[in-house]
Structure formats: structure tokens, C-alpha cells
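Quick heads-up: it's one chain on its own, the form predicted alone, in C-alpha cells.
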């Protein structure tokens, strides 16, 4: 059934879609937001690990909605729920940990800084940090970000302080500060998308320790579900339709987007005409939607005349190590181990960009320090191990007793994930999801510099952990990727032959189609990208409002 036309139809309500809805609604335009998942309310966010982490509360089940993933072009596809973020109003911002970093000026000119890197498709951004900086300010204020800006060698320029003071931290944060100082490095307060005191009608953080993997029943986490979406709905110009799965974007005879075809909550096909269509489903899912939007005008997928849709997929490189402090052994000398405060909120960025390639790379990354997540089932599975190394019975009980007597400090590496010709998204017509739509197929073909940089950063992080004199330091890995942080697939640029979008995130080939999730990013930077996606969406929205008011 065809709906009444609106000014803008936005697909997705997360970091990219919500700012567009808010700005366009404030400007008086009629907006419909289609969201694949449900609209959870604060009462739905309970501290239940099985519900949140082991069922389909956030992520779809791989036998219902698989992603196909393979290692290298000759690898075999495996069904997975990797590279999903979250299917609900607010998307991945609902269960994020809320580590909110800005990119650095160098991230916008990586190709110019590093030169050509064989085996990569590294490109400069068509905009600069200076152009995006005012919208970082807007994003931090609209979402509610707590933090403290301090000087360090790779500090990005700021126009002022964070909107909210930093969250309270555990005493071990000051120990990290101390040992970093001894090493000549800089321990930085980590800004958080969590409000440290009441803000715009929302309650401040209750310090429950369950941020990542959980929704916030307090509304203190600055997901778009708690901040931007309510503000957008309050304009009276935005209609939110949850449980609506977009199938395709349709075009008219001139090649302009005319409507979005979707399945509603009852599985009935609907069509929403709009003057402008904004896609923001995540880099993987937006590419899938465009590639499945086939027409006579676009036989290889919408806006894909240059065959760039789905290419240059970029995640985030990942590494991790953990330090274990046995409380019973160390509490006399370190009584602060008994402090239950959940946040460490410390980062190190001294190795964000190396002066030369003596270690096999130049673009490094960020170390983020935190206590390990307290999910008990996840911890028990890890303690038990698997295969021939797996244990049970008395030995497993002993490991669990030791775990309960421990505080475990970890760091995560956010490293550059260099774009390569072989890392991409396509669709496989023979494999369909429960909606009968061809699924996304992901090929990973990593560049060796990624692993060199991640290993180096892990080694530096372990130097910090060892100086804290724990009972044990365990390396978890140096060659992973964080697939929840997604970029590329519809990169923006000035050349239509090598990019899908222009600098305004408008498709080169479809003048009323915009893509505003992480798809637009030619490179991911070496920090979590959520804040950058929100900031860019505000930038794009302001430009779109101006053009629509001028009748362009």
C-alpha cells in the first residue's frame, strides 16, 4: 500500500539517522523514520545477560538473518551475526559503552600524510577536521557528553570544554596516570556518552557497571533513543515507525529516489514516497539495501554505476590484554581494590601517528583502559576454555573462585583498519533472510600493517599493566577486528569514479539520496567512530535543510 508522501524518509534511527530526523523536524519538514527493530522503553532494559547478550534482544539470530563472512576471496562463507550493530530504535547507540573520541586532523588527510600504501585504497577525506569541528560541538551538546580535555601531543583542537564534567573514576585511574607519567606518556580522561549529572530532563549516571551490551534504564547513556529521537518526536514533524524492514529504494524514470518499499510490523508490504531518501542502516546493511535496490536505471544496484557500493569496507583493528589483581593477596597494600566504582576512563594516544616506519607502520591508534565486563556467564565460558584445553569439575570451580577474588583491568586497542580492494560487502541472491531479502556477504582481506600496528600497541599497553604490578598479565589477542564499528562501502569524495557520495553525503548518481551512517568514511581513524557519525550527520542535515528551503 502506498502511503501519503512526505518530505524526507529516513531509514535507520541510530547515530546517522537520528540527527537528520532532529534537524529536519526542527526545520519544519515532514519526516518519517523507518526502524527495523522495536522501540524499547526504559523498563525493557533489565540486567539480564541471557536476554541482552545471548538472545536476539539486540542482534538477530544467524539462522533468521545471517551475515555471510569469509576470510579472503577464496575463503568459504560462514553464517554469522557478526557485523550487526543493533536492531532497535537508537541502533548500536543503545548498547554501546559510550567511548566518545573525536578523530584527529591527520585522519582527514591520511593519504597525503602516509603516501600511497601498496595493497590499500587509502584516500583523503573531501572535508577537513576544521569543517567538522563545529558539528562535533553540536553532537556533544545534543547527545550529552561528559569529559575533560587535557593537552597531549595528539590533542585535537576544541572550541571549549565538554558539556558535562567527567564521570567519577575508580582510584586505579590515578595509578594508570602515575605509571604513564613514569614512562613519559600521557594518560588522558576518556570522554563518555554518559551524562555525569542531570541534563535536559535526563537523570545522571547511577554507576551500575552495565553500560556495554545493555540499554540504560536511567536514560543516562547518550544513545539516540534517549536524546535525539525524543527531541525529534517533540517537534511534531517526525513520525517514527518501528518494526519496519526496508526492502528497496525505488527510483523514477529520471533516476531520482521516489520511495522506500518496506515490510511493516505485520509483514505487509508498504511504500513510502518522499522527496528525499536518507539511508542510515550501518555500512554493511546500507550497502546491502542499495545493492538490492535494482532497477532498469540501476541494474547493479542503486547509485552503483561506478561499482563502488560495498567496496572499501573498513572496521576497526582490535587487540586486548588483561591484568589480574588478586584481592585477597593485595587488598592490604592496595585497599582501593575493594572500591566498586565501575569506570577507569583512561586512554593513551601517544602512538596515534608514528614519526617513521621503523616498526612496520606509521598510523597507530588508541589504548582504552577499563575494568573487564562483569557478565558472569561470559566470564565462566572463558574460564572453562574449549577443545582439548577445556576444563570442568574441580579445576573449573577453582578458576571461578580465583575469578571472584580478582579485579581485572584490561585495555582495548582501537587501531587503523586500512581499506583494501579485497575487503568488501556484496549480496548473495541464493541466501535470503526471514524477510526473503538477499543477505550481506562480507569478505575480509586485511593488510599486514594493521597487525603490526595492533601488536605494537598491545605491547605498549602491557608495559603499563606490568608497571601496576598485578598478579598476572594475559594477552588476549592482536589480530582481531571490531565489526560493530563499520565504515566505507559508500565512501564520499570528489571523484564519482572512486566514490559513491559527494562531500555532502549525497549520491553522485541520485541527487535526492543521502547516506549518513559510517558508510561515508574513507578511513575509520583510530578511535570508535560513533561521535564522528553523529557530528557528520548534523553537518549533512544543516546543508540539506538549507538546500530544501531554497527549493534545490
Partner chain sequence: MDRRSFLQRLTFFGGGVVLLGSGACKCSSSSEAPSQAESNVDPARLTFTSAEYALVAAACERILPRDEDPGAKDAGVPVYIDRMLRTPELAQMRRDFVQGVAALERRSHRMFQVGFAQAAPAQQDELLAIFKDSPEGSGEAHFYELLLVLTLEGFLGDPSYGGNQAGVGWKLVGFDTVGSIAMAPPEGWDGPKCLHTCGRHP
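Positions refer to the first chain, counted from 1. Computed from a predicted model, the values in this text were never measured in an experiment.
Omitted from view is the form predicted together with its partner chain, to which the following refers.
Colleague: So in the model of the complex, are 11, 141 and 427 all sitting within 4.5 Å of its partner chain, heavy atoms only?
Modeller: No, none of the three is in contact.
Colleague: Choose one stretch from 224-232, 265-273, 447-455, 307-315: the one whose residues place a heavy atom within 4.5 angstroms of its partner chain in the model of the complex.
Modeller: The contacting stretch is 265-273.
Colleague: Would you classify residue 56 as touching its partner chain in the model of the complex, given a 4.5 Å non-hydrogen atom cut-off?
Modeller: Taking the distances in the model of the complex, the answer for residue 56 is yes, it comes within 4.5 Å of its partner chain.
Colleague: Quick check on residue 412: any heavy atom within 4.5 Å of its partner chain in the model of the complex?
Modeller: Yes.
Colleague: Is residue 528 one of the residues lying within 4.5 Å of its partner chain in the model of the complex, judged by heavy atom distances?
Modeller: Residue-level check for residue 528: yes, a contact with its partner chain.
Colleague: Within 4.5 Å, heavy atoms only: does residue 47 come near its partner chain in the model of the complex?
Modeller: Residue-level check for residue 47: yes, a contact with its partner chain.
Colleague: Quick one: of 327, 354, 380, 155, which gets a non-hydrogen atom within 4.5 angstroms of its partner chain in the model of the complex?
Modeller: Only one listed residue qualifies here, and that residue is 380.
Colleague: Scan 28, 511, 62, 496 and let me know which has any heavy atom within 4.5 Å of its partner chain in the model of the complex.
Modeller: That would be 62.
Colleague: Just give me the residues of 462-489, first to last, that have a heavy atom within 4.5 Å of its partner chain in the model of the complex.
Modeller: Contacting residues: 482, 484, 485.
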